[in-house]
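This document contains two forms of one protein chain, each encoded as structure tokens and listed individually as structure 1 and structure 2.
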Structure 1
Amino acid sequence: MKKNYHFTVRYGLYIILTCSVLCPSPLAAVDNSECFECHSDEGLTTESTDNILQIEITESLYVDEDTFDKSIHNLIGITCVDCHADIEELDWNEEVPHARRLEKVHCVSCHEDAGEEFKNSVHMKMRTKGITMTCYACHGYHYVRQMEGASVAERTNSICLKCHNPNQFHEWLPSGDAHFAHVECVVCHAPEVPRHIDLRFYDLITMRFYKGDELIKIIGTNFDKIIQTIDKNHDQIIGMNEFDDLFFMLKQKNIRPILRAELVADINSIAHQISRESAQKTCEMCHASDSPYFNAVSIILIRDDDTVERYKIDRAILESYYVSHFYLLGGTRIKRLDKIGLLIIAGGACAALGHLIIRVLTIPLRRGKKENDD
């Protein structure tokens, strides 16, 4: 979603701007590289007293620069001191150039919506039991990656599976493991969150996703032109014929990817509304051909910097053999098979009925013959 990305960049810069206007101090001047002078040292630790066990513990103060640089916050221009906002300046005369004990970072100061939606969730309510859950229990802090292009496995592994074992609670769910591989937890557990189907090119032999840049190179185009190449009638949606052409093109380039489909949540704060009773348990919501869960279907290509290019496709493609490695029982069934089935069954029934009718009509014939025989 390139547009959105630009939007977030602007939004991010806006936040930084307001921050620095509100607190006009030299803090904006503290550069990340100054912090890394010390904090890129893997051996930098601190001793502190654990507040539960009352014992001395050693904590690492190392921040991995490379991974931090790839984080969404860094990409969007947020610096160390935007989060560690109580560091106003560094006093290089001291061994520790800032306060030894810093304040906790408040994620909600920038992510108000997320905080609002999180307020009534089960993970907030458990405070009454004495368990506090921070935002970064789920997201981490220095290395928050952009989630939009993440697969279901990446999303759930890095979040829910840290604490929950889904095999425990879903005995009632047929093919649980298939669900967990293709459906993100919050799609069921925060059913209000908007969601969509992502299709990604996957190679069965090497068992990995094709990278966006890789595919672009194979097709021999670039990200700005590819949509014109595929969407020939310029209606901003890839239809069945255009899809035919796309696959033909890939075949000519001698690659035969499959499309892996996943049902994931939009990057939306409502994903935090996880509560005890609200999970989606009505299978028919998805497993019906008119399910609203599949209205938004797109192919995504992920660029090397994690940003996502998204191309809407006609939902009917899910119901075709192009997406041959994903079948949502009942929901994305091949409609033509139903017609064939009707023919087969009606054919059998008509044959039997026809035979019966003729049998009844010809009773006099056989009665006559029998009398003759006698």
Structure 2
Amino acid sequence: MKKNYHFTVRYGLYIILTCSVLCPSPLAAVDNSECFECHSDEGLTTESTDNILQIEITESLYVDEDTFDKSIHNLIGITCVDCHADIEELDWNEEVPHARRLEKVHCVSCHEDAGEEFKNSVHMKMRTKGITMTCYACHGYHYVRQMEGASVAERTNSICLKCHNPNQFHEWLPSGDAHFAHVECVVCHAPEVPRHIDLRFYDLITMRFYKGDELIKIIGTNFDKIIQTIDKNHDQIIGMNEFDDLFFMLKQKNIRPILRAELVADINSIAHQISRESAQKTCEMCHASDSPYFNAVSIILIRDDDTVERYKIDRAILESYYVSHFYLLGGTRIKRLDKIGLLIIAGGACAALGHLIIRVLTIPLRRGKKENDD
């Protein structure tokens, strides 16, 4: 009886193993590499109907694998079928190994908070005009990047400028080009979002930002030790003297960068609550010595994977010569220039006063000379 029992168990396990090999489970995970067997073809397209013009259009189904690999979704381990959840298996006996029409991807399945904030945005209100704004209209389909370390130009070019011309509706804004270059759109158009100033090292010769890994290598340290190298008093804030030492260190390595300062919004769900009516138009919010926008000032170093290391600095550094093209009247003042200006004014006043005193003291001499000449 015992012998027959062991034979039955072994025979049953053999049948189960054979079936699992020959007939894989329909719930077996679909690997990204299987998707790219087709979607790496640049000529792969499909026909669809434009939801506004109601005309037939040809859509590309090509996905650049190298760019996708650097996307934030891939970096945190999200696979193709995590979003395209209606694909449970691939049938390679068919010309198209899955359904030709897939369900729309619902981003709010993961990004619930962003979806709630989006409901109150001007983009949601556009739907009353028959225009459907989707998440990927702004963020793209497969190349969603880590944007924490992105510059203002990268943020606005990849999102806002797809639809908006910044020169429209901003006639009231003085020095518009300077604002567009250094202030992210969301800073003003989502008033509740937290804001901070990012300082990045910029090379005027090559006209590019230095990568964090590049600077770390030049200095000869690593990300874990750099703050210990710079922050001599260990207060977790880079002060002015410590900042001067950092620049001296870079000069010794033949690196002479400037700092480019930008006012950006936190990567926060509230940033989706874009509004025209409540947009910030009060100049004093920035252009004031006690502006709350300057409470969080950091130097950022960006790793090769686009993640960010942030180091808090004394806001007084904004008033130094190292920061280029970021002078806010009333908000940041380069005090050295103020001192130089005061010296020039004082020098001019002293020269005029000295000249007047000399003229008064020499009145008798000049009168005597004039009488002699007569």
Ligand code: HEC
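Everything quoted here is computed from the prediction, not taken from an experiment. Between two forms, the rigid core is the largest collection of C-alphas that superpose within 1.5 Å. Numbers follow structure 1, counted from its first residue as 1.
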Number of the structure representing the form predicted alone: 2
Yes/no, residue 59 Cα shift of 2 Å or more between the two structures with rigid core fixed: yes
Inter-form CA displacement between the two structures at residue 354 - rigid core frame, Å: 14.7
